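As structure tokens, one chain now follows by itself in the form predicted alone.
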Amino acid sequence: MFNDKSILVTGGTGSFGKKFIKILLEKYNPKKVIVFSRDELKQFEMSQTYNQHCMRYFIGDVRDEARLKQAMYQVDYVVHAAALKQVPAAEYNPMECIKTNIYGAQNVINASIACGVQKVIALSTDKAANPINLYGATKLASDKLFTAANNLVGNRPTRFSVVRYGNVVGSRGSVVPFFQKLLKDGIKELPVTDARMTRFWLKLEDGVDFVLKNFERMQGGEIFIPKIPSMRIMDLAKAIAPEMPIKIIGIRPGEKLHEIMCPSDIYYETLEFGDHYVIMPSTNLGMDYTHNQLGEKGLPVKDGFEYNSGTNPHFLTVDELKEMN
């Protein structure tokens, strides 16, 4: 569905954006691929690798609606990956996080509708489910904006959905490169916040494939959540540095022991499909979300269902974590 189409990626120089564009170019023949981001150095560096004729690099900020409208001219599909994601930075600079993650989300929505974009998928995070930090709260607000945006379009073609997933192996700021840097620096003990901690875990290419597939599945208003494994932080430490002593440093502000992707509070809005879950919009558009555009069928989950990294039936072993890292 991406052949001869124009695709724009906000935050396109980030970990997800680069992998998404790599896979997009390998699998399809797009008419135009637009990287929309703020950092000209990252764009220059990326353009040394991704310099195909279809590539375009737009300097811009999602806080600037007018610039987004310029970039989205004759664009078919948008992936909204731009966000301020660092939890401590968001706590210290709350309005900056709100301007990018919430106001920026609304700007993407407005520009997409104004330009007649066909489909928009916004990336979310497990931290948006029952959030306890500002970053998670802004992403929850963003999710609500995107799912509700379908109420605004009327008979125009634009449709909006959200993809939510957990920690990505090796992405910028994640625990694996952090541990690896500490080991390179010669640290004598590996710092672990809490021995009980678990996280959802997936490879970046799996996240990209899930997003691509949901462009085909989406009707508008869904939050798509993949069925992915969990990992125990102690198992990850063993996989990365099996002989290294562990130092428990205590859980950090704004951090959970376990992450949630489908909260039990809204089990009645959650459907289970073969390899994913869907949270339906709270303002249902009259669509039958039990059947998606690919003909896949979903069923309501059980009362009180919660998709939690601590109770997930699939945990990665130490050997599996070694292979992934």
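Source: prediction; values computed, not measured. Counting begins at 1, following the sequence as shown.
There is another form of this protein, the form predicted in complex with a small molecule, and it is not shown here; the text below is about that form.
- Note on contacts: among F215, F224, F179, Y135, the single residue with a heavy atom within 4.5 Å of the small molecule in the predicted complex is Y135.
- Residue-level contacts in the predicted complex: of A82, A129, A111, V162, one residue has a heavy atom within 4.5 Å of the small molecule, and it is A82.
- Although the partner is absent here, S171 sits close enough that one of its heavy atoms falls within 4.5 Å of the small molecule in the predicted complex.
- Contact annotation: P300 falls outside 4.5 Å of the small molecule in the predicted complex, judged by heavy atom distances.
- Using a 4.5 angstroms limit between non-hydrogen atoms, F20 is distant from the small molecule in the predicted complex.
- For the chain shown alone, N308 is not a contact residue for the small molecule in the predicted complex, no non-hydrogen atom being within 4.5 angstroms.
- Of the candidate stretches 37-45, 252-260, 270-278, 23-31, only 37-45 contains residues with a heavy atom within 4.5 Å of the small molecule in the predicted complex.
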